[in-house]
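Presented below, as structure tokens, is a lone chain in the form predicted alone.
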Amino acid sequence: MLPVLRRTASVLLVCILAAAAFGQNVPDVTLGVTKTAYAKIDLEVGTLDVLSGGLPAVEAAQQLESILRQDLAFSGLFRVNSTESGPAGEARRYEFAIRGSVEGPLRDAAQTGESEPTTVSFDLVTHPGGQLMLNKRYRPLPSQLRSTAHHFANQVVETLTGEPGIALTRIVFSRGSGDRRDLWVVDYDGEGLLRLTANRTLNLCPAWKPDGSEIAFTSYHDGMQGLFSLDTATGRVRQVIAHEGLNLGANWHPDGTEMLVSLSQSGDPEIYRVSPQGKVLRRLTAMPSIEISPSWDPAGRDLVFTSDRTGSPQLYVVDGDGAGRRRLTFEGQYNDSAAWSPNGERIVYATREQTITQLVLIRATGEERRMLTDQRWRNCEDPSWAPDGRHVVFASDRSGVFKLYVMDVVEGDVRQLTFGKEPDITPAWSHH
């Protein structure tokens, strides 16, 4: 009987039994990465004018400024309020500037006990020159200040680059240990942490529906593993499919009409296409091997997945009918958790050499293999792309417990996303 693949060290200890995969005689390849300076847009976030509202309005203005600076810096596209010098030691000149004002509510919320909206105006202008590029006016309640700043940051990114921003996106993941792990969700910047499930069992491997209305995930009910879906508006959970054996690795089609999933109802795990109601639409693989961790390309035509048909877990690509199989990876003892970039050009995945799991970036055609992490990170698992195709969230136990981190794959900058003592695993980035 073939060994069952271990999707990740954290997840498949509780999902399936893992055994050592057979290695191949593959020559060692060492790649070097050179730090490169990347062109960025110089942008100043100015101090917002407080027109009325007293201290609450001053605090609101400071919060908005701080979040705007952070969002634009996190994008990797801007040098925000930089003090760096330009050529020949000249002071850096900003190309654009954000100006704006805050007007506090007319009614005194402290006396009335009511939350009143604040009026916020933002202008994006050329600098110098002051030509108006973008103007937005908002009426947020105190609880909506963060989303207001995030929204305008996204508008700035799109205006100046033509690409959508990611400041309003969220990341869902599994937190906990042993036989109790719940789904949680957090804003892209680490704020807004919220628990989604509390059913006293294992909830793993969440996957966002492209429109954000549902999250598919693997869970256990009465000791049986099944695929479930959580309605993000109501919190209602429904069962999608629950066959004997594995029901693992849901991945939504880009149009949201179906999912990929690994089922072992016929023996070894194989890849299937299933409807959101749990109807099996098509079996895509039928090999005497383990086939798991499927991921659609952004066009919904091809999928990448893990198979041990050659003895060690490697990545393969097939089309939506299961035809045209081609092998993508030839290096690494164990390759898994592949995820296609939003533009379809690259694939990020986890590779294990001896006892350490690291992240790798590769062209969808198989060229330009590049290590994103090294052994200083210890184990890095379960990468998921941001919709900008520049940032990846993943789980790492570099601190001794698995937490989530976000990496800019262009520049290599990394920031920690989640904190605490409980392990955080299997993150998935929302599409919007």
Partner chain sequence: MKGTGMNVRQLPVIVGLLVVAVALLLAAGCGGDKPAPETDADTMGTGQPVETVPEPVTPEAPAQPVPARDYAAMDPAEYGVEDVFFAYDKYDLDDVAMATLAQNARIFNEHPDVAVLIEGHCDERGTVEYNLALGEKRAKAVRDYLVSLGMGSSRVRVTSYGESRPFALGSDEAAWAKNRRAHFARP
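Residue numbers count along the first chain shown, from 1. Not measured: the values here are computed from a predicted model.
The same protein also has a form predicted together with its partner chain, omitted here; what follows describes it.
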property: In the model of the complex, I425 touching its partner chain (heavy atom, 4.5 Å); result: yes
property: Distance check, Q225 to its partner chain in the model of the complex, heavy atom within 4.5 Å; result: yes
property: Contact test in the model of the complex: D255 vs its partner chain, heavy atoms, 4.5 Å; result: no
property: Exercise: L248 in contact with its partner chain in the model of the complex, heavy atom 4.5 Å; result: yes
property: Stretch in contact in the model of the complex with its partner chain, which is absent here, among 340-348, 315-323, 239-247, 188-196 (heavy atoms within 4.5 Å); result: 239-247
property: Check all three, V80, T148 and D408, heavy atom within 4.5 Å of its partner chain in the model of the complex; result: no
property: Heavy atom within 4.5 Å of its partner chain in the model of the complex - residue from P128, G178, G162, G235; result: G178
property: Its partner chain: the contacting residue among I290, I215, L183, I166 in the model of the complex [heavy atom, 4.5 Å]; result: I290
property: Within 326-342, the residues that have a heavy atom no more than 4.5 Å from its partner chain in the model of the complex; result: Y334, D336, S337
